[in-house]
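What follows is one chain in structure tokens, specifically the form predicted alone.
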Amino acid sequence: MENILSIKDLVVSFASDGRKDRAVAVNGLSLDIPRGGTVGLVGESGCGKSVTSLSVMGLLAENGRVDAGEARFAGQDLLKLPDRELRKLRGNRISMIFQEPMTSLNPVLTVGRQLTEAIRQHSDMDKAAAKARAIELLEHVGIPEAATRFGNYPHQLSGGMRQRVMIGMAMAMTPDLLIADEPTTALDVSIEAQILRLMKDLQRRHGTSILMITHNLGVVAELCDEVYVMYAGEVVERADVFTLFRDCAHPYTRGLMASLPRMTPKGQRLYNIRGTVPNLRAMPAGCRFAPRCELASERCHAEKPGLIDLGGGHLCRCFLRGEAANHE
């Protein structure tokens, strides 16, 4: 299947505190998004998921830098495009939904003005046509009384409505690729379900490819075709969604699965992965997950594992699973 976006060996680092050495936030990440498909990028906060998406969009902070790799979209390497060319793609053929709409929407402009400005920037519509298109988008994303809400400011809308406005803005030009960075965080379960249904409906109507960045495995199960599990700047597992939930291979992925909320007997503690994601400037010498892994051996602490092909496109960065595969 043709890929709408192919990221190869991406390395991203950040400078801080006047130090000469740089902290590597993404280390050799490769990821493919098929045309018309939905790919999940999963992991805890601090694993490098959002940094990956901001790199592709050319939106890294001033202290961030892409050190290596490529991100090919429609035959072009986005990482090497001049800012002017990248701006033509952003909001047009590639759009992004950010995690918190209150920090992404301008609080002093009405949602209608922000929508119309986004539309007119990437089209030849006049003001009246752009307004009509904006109201149509608000209706499509389920905003009641869209013509009235057009004149509202962000603070006058609920969290769910603001997120719908962001989705409408992202879909204004029916993009080929939509990057959604934790689009349902801080929303209650019913609103989350509505947002996911909305995204699936928009994808079905326009054939848009989606990169879903999340820590929520429930969202992954609902929306994604393929999943990349990321830990400490690296992909540790990649599989189709059915394989991941049926036979996840990496201890970190298993830990994430075990941490899913479920009905447990009274008094039984919920599972949690011990420890925290390592500091970018103090990565372990061997496997980056070894200090938190209940199965880690001396080899895991000393040697760095590569991605092992388990068959059928299922990849895993773990010595133990590789040894098991060799004995099968």
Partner chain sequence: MNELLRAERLVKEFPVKNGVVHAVSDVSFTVAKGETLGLVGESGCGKSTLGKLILNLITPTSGAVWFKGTDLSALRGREQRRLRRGMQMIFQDPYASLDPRMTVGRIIMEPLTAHRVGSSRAERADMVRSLMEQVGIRPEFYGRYPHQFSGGQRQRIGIARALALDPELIICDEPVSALDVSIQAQILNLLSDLQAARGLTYLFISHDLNVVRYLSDRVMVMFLGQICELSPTEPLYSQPRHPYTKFLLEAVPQPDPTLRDDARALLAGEVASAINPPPGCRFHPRCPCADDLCRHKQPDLVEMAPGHLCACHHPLVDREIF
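Note that the coordinates shown come from a computational prediction; the quantities given were computed from them, not determined experimentally. Positions refer to the first chain, counted from 1.
Below, we refer to the form predicted together with its partner chain, which is not included among the displayed structures.
Heavy atoms of no residue among Leu5, Arg90 and Ala132 are located within 4.5 Å of its partner chain in the predicted bound form. Its partner chain is not drawn, but in the predicted bound form it has no heavy atom within 4.5 Å of Pro107. Shown alone here, Thr103 lies farther than 4.5 Å from its partner chain in the predicted bound form, counting heavy atoms only. Interface membership of Cys293, defined by any non-hydrogen atom within 4.5 Å of its partner chain in the predicted bound form, is ruled out.
Interface membership of Leu270, defined by any non-hydrogen atom within 4.5 Å of its partner chain in the predicted bound form, is confirmed. With the partner omitted here, the residue from Asp176, Glu234, Asp181, Glu192 that has a non-hydrogen atom within 4.5 angstroms of its partner chain in the predicted bound form is Glu192. When its partner chain is considered in the predicted bound form, only one residue from Asn63, Ser259, Ser297, Ser30 comes within 4.5 Å through any heavy atom, namely Ser259.
Per the 4.5 Å heavy atom criterion, its partner chain in the predicted bound form is contacted by stretch 240-248, the sole one of 240-248, 67-75, 113-121, 80-88.
Taking its partner chain as it sits in the predicted bound form, the stretch 31-45 comes within 4.5 angstroms of it through a non-hydrogen atom at Glu44, Ser45.
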